[in-house]
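Have a look below at one chain only, the form predicted alone, in structure tokens format.
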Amino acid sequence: MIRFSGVSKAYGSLSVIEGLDLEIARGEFCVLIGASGSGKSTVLKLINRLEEHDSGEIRFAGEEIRSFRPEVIRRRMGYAIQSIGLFPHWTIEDNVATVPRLLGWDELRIGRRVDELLALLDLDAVRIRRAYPHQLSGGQQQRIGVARALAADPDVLLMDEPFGALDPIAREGLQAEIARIHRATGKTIVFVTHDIDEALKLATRIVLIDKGRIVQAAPPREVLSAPANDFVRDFLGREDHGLKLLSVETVAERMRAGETAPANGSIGAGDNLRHALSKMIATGAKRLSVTGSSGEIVGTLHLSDIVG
């Protein structure tokens, strides 16, 4: 889908990316993570030609990225950023419809797409499509930014620290939404963050970058269980490493399937073990019922299944 081969980028004498090799597969949720100044946002901007690479090759859908006009490739890639960038004097509907109108979609098709996206993001289309950005909360505005990025059904969704300015509750809700959208649509998502917990929650693969070079690229569980070096271990955080391991394993993987003994509370089969352990500690429960997608009990999870 997207392939970097020996890509470098510098600003004057400052080297930002050095000899980067990276392949992002179709349908992958690839999270680029690193400290400030590591080069992760530059990698994202090179993908849609907001920045131009100095050397090496970047290919998109099999073609060298410079064979596309910048405006063409940007219409094939949705882009959502922390500052959102909604047009303040346009309605929500007009903001979401920006790229479809540039592409010449008819108004009926645009209206259906706006309704579809607002529903996908759990927003009330009847109530907000005629509203203006300042009339919405920060979390709602960020959802509109995501809807706008998805409006023309792009091949790739690029997201640069999109939830960084939100309060923890809104941020957690939007993390769940983007994970759900990825499962529902199969979109290729490239997501930049400096928050390791966010990366572990969302990624199918984590790419850890330091000083313009990839230190490790692997699924979250592999990064946690087999960190490449001390830099990765330190970045992950040594003190709560065990809890982070629990965050990438689901209740379904350790539950006692079919067991229906009474329990003090319940947990979803798709929830992670860190959440389950937190709930047990908070409530004093040593056993939780495990529920399936329809709310039915499918098993139980014992404290000993987590820490035994």
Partner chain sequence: MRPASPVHPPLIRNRPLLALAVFLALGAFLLPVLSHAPNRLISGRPVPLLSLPATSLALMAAPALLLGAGAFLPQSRRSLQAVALAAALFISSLLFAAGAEASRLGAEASAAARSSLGSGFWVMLLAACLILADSLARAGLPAPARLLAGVAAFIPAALMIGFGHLDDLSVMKEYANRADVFRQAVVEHLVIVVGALVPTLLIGVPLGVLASRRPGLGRRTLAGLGVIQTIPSIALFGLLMAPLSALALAVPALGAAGIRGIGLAPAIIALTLYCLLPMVRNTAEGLARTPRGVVQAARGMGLTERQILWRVRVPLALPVFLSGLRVTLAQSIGLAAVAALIGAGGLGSIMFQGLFANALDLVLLGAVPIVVMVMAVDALFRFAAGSLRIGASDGATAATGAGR
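Please read all numbers here as calculations on a predicted model, not as lab measurements. Residue numbers count along the first chain shown, from 1.
Here the subject shifts to the form predicted in complex with its partner chain, a form of this protein not shown in this document.
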May I ask you to choose, among 98, 185, 225, 204, the residue with a heavy atom within 4.5 Å of its partner chain in the predicted bound form? 98
Find the only residue in 252, 243, 35, 50 having a heavy atom within 4.5 Å of its partner chain in the predicted bound form. 50
Within 4.5 Å of its partner chain in the predicted bound form: all of 74, 90 and 135, by heavy atom? yes
I'd like to check something about residue 179: if you look in the predicted bound form, is any of its heavy atoms closer than or equal to 4.5 Å to a heavy atom of its partner chain? no
Is residue 143 close enough to its partner chain in the predicted bound form to count, meaning some heavy atom within 4.5 Å? no
Residue 85: touches its partner chain in the predicted bound form, heavy atom cutoff 4.5 angstroms: yes
Flag residue 214 as yes or no: does it have a non-hydrogen atom within 4.5 angstroms of any non-hydrogen atom of its partner chain in the predicted bound form? no
Could you tell me which of 279 to 287, 261 to 269, 24 to 32, 40 to 48 sits within 4.5 Å of its partner chain in the predicted bound form, going by non-hydrogen atoms? 40 to 48
Applying a 4.5 angstroms cut-off on non-hydrogen atoms, the residues of 187 to 203 near its partner chain in the predicted bound form are none
